[in-house]
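Here's a solo chain for you in structure tokens, the form predicted on its own.
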Amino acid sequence: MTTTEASEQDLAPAPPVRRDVVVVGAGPAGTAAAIELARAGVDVTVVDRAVFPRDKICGDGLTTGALRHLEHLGLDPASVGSWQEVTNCWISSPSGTTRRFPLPRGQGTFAVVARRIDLDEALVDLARSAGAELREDTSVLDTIEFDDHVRVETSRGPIDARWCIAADGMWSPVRKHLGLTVPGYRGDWHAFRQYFTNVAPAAARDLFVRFESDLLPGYFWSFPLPDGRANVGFGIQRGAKVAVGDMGPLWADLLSREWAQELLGPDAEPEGPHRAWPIPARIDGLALCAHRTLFVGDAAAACDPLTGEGIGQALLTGRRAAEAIVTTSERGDAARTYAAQVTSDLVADHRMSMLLVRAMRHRKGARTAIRLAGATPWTRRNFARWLFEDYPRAIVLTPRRWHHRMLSSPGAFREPVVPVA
């Protein structure tokens, strides 16, 4: 071989690696899909531009729905270093009236706060142990669909797969490559958070939500973490009272308010910089799939428009994508199967949440909602379960989802975790 021939061979593009499924993104949606696929014997590769562990800007709250998905996947809470169970939620109206909404005791876990850097690393480890291949520090450069496969061009060479699951976030490169982005879309909500240390005992133990007049229909939160720490922040709806560009100055103002200083305590100190991020919440307005690509999690804009919560929806859509691929024959249309299932799972609840958001835009609506929710021990208990998605938002309007004890199901992790073989 001549020197010229050797040089030409070195410059020749590498042949595509062949897989059954390629998952783009190793957050909760992508790892949930990978875990289910690998356990079903599907050859799956996950690519992510990050190197784990990596932080992710988030409120860090896990609802009952999210916890049930994590339990199904076999996650051991002990593998998540910042895992903290919560049993009390305190909600304040714009007038300052505060009510305690207790979650059930002795029936499992209904709410948890866990830092995403810890949760995502645990899920990545679980995906690896299930048999999924993970390629970190790998960017996706292009995505091309063919009749019988998808080619994902990455910084480490191309991957050809029968199916692609796009779990690559709100700014999904895969969606952009396939020409399915919505021009000008920048999210439906924006959130702003900062970690604090040495918070007051109540803030280190319980979860607090406060509806301030200048945030409506958004809210302020304080979510407890181990060792006297808390995730503190607020969320606003894009186009509402507060402009996205004014979130920084508003943050300083919120922290200076008397109720915030009392909640966090005199010794509270910020830990690291504050961060802001957009929240996509329009699952009924974006394409859930292309020919051989399934969008999950934030790439599907699956967040709850009432609370901004997205981890439960990410886990659900990731699992549904995997199920559609596993149960669909070689010639079947897994993408259509997936889209139909997710529409059935989430769209009715999304629309119910949108109606509730309208009611929460004004002081009177927020004040009335909290007063009615806190009227009796029964309403307080059931509002807490409904708020934490223990049962679907629109369950009253969707009889197909009614079942025995639908309003009193036990929480997650009632039994010791048994490793999944």
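Given the structure is predicted, the values throughout are model-derived calculations rather than measurements. Residues carry their position along the shown sequence, with the first being 1.
There is also a form predicted together with a small molecule; it is not shown, and the following applies to it.
- Looking at Arg116, you'd find a heavy atom of it within 4.5 angstroms of the small molecule in the model of the complex.
- By the criterion of a heavy atom within 4.5 Å, Val44 is excluded from the residues contacting the small molecule in the model of the complex.
- Mapping the unseen interface onto this chain, Pro305 falls outside it, with no heavy atom inside 4.5 Å of the small molecule in the model of the complex.
- Taking the partner from elsewhere, Val296 is found to have a heavy atom lying within 4.5 Å of the small molecule in the model of the complex.
- Proximity to the small molecule in the model of the complex holds for all of Lys56, Gly61 and Trp277, with the criterion being a heavy atom within 4.5 Å.
- Of the residues given (Ala230, Cys164, Ala322, Ala167), Ala167 alone sits with a heavy atom within 4.5 Å of the small molecule in the model of the complex.
- Though the small molecule is absent from this view, in the model of the complex it lies within 4.5 Å of a heavy atom of just one residue from Val342, Leu178, Ala191, Leu216, which is Ala191.
- Only one listed stretch (249-257, 82-90, 216-224, 283-291) carries heavy atoms within 4.5 Å of the small molecule in the model of the complex, and that stretch is 216-224.
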